[in-house]
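Here we start with a single chain on its own, the form predicted on its own, put down as structure tokens.
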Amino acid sequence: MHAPEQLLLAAPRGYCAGVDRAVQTVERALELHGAPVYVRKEIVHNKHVVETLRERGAVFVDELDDSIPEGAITVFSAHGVSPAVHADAERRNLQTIDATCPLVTKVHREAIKFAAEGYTIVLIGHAGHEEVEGTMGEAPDRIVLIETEADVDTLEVEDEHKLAYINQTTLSVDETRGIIARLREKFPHITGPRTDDICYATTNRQAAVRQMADQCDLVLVIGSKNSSNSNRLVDVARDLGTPAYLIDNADQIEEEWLTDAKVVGVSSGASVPETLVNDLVAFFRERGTEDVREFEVLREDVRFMLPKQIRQAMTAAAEA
């Protein structure tokens, strides 16, 4: 049974402001309205969070179909939805609460603005991801999805002078930089958003792993397989030559990973509650690891207000 001599905990890690807001939105909705509260898709990409909310009375659905009673309280996930979903909810008289991360909403607004100005929009992102589907839904006739630098080489557009790019908020900073550089090389007149679309939390967590990985023999990232930002943290460590693995919890650690690992770094995706990190620390402490320390790169103080519908309902409940 191998135990690392030292455990480094990347900081920042775990919940970002958008995830915290989304999870709190479902929790408050359950407190204010009672169960069931319906949620379209997973509120955030973390199995533990989804299961915990399910136990409290949240009902997760893939689409706004007949499984949701007319007029029911329905929450849209942090990843955002297309106008078609909003219209569908309105048709069915659902009482919707939009928990879309404000940083995703920013990308939606950019898509709407560029489309209104007649631009062809290149969206850098991963096909099938909920955030990408929601963003593309804002201007489906104007948006082209690309995933790699190779996609840029085959990209053809009607007017190179009316071309803009936006991107999924949870991508790797390094990966996106390369794609944007290739776009600018091929299409010198391309324009982009005024400020970077990559979420501050994604950038910060990648920066922490990038600095920490050099000092580690192994990096473990806690996060679910469908979490884009968690997968990117693994990529960042591996790109630096440090073995790295994505795990939901300590049960998924394979003994061979630890054989020569004297220093193990730990990070967690932006949808991961700190309790899962604490569980992993306890796992290593039980094995005999005594040296556990924070590896702080920077501090975050970003907070987002809860959705207006929740704030109004909380005020009304307090006054009742």
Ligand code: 0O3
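Start at 1 with the first residue shown and count on from there. All of these numbers come straight from a predicted model, not from anything done at the bench.
What comes next is about the form predicted together with the named molecule, which does not appear here.
>> Although the partner isn't part of this model, could you tell me whether His129 comes within 4.5 Å of the named molecule in the predicted bound form, counting any heavy atom of the residue?
In response: Judged by the heavy-atom cut-off of 4.5 Å, His129 is in contact with the named molecule in the predicted bound form.
> Can any non-hydrogen atom of Ser267 be found within 4.5 angstroms of the named molecule in the predicted bound form?
Replying inline: Residue-level check for Ser267: no, no contact with the named molecule.
>> Just checking whether Asn167 would be counted as a contact of the named molecule in the predicted bound form - the rule being heavy atoms within 4.5 angstroms.
In response: Because no heavy atom of Asn167 falls inside 4.5 Å of the named molecule in the predicted bound form, the answer is no.
> Is Leu233 close enough to touch the named molecule in the predicted bound form, meaning at least one heavy atom pair within 4.5 Å?
Replying inline: Answer no; every heavy atom of Leu233 is more than 4.5 Å from the named molecule in the predicted bound form.
>> Given the stretches 89-97, 246-254, 222-230, 187-195, which is the single one in contact with the named molecule in the predicted bound form, using a heavy atom cutoff of 4.5 Å?
In response: One stretch meets the cut-off, namely 222-230.
> Though the named molecule is not shown, can you say which of Val104, Cys216, Leu123, Leu163 has a heavy atom within 4.5 Å of it in the predicted bound form?
Replying inline: It is Val104.
> Taking the named molecule in the predicted bound form, which residues along 5-24 bring a heavy atom to within 4.5 Å of it?
Replying inline: If the 4.5 Å heavy-atom criterion is applied to the named molecule in the predicted bound form, 5-24 yields only Val19.
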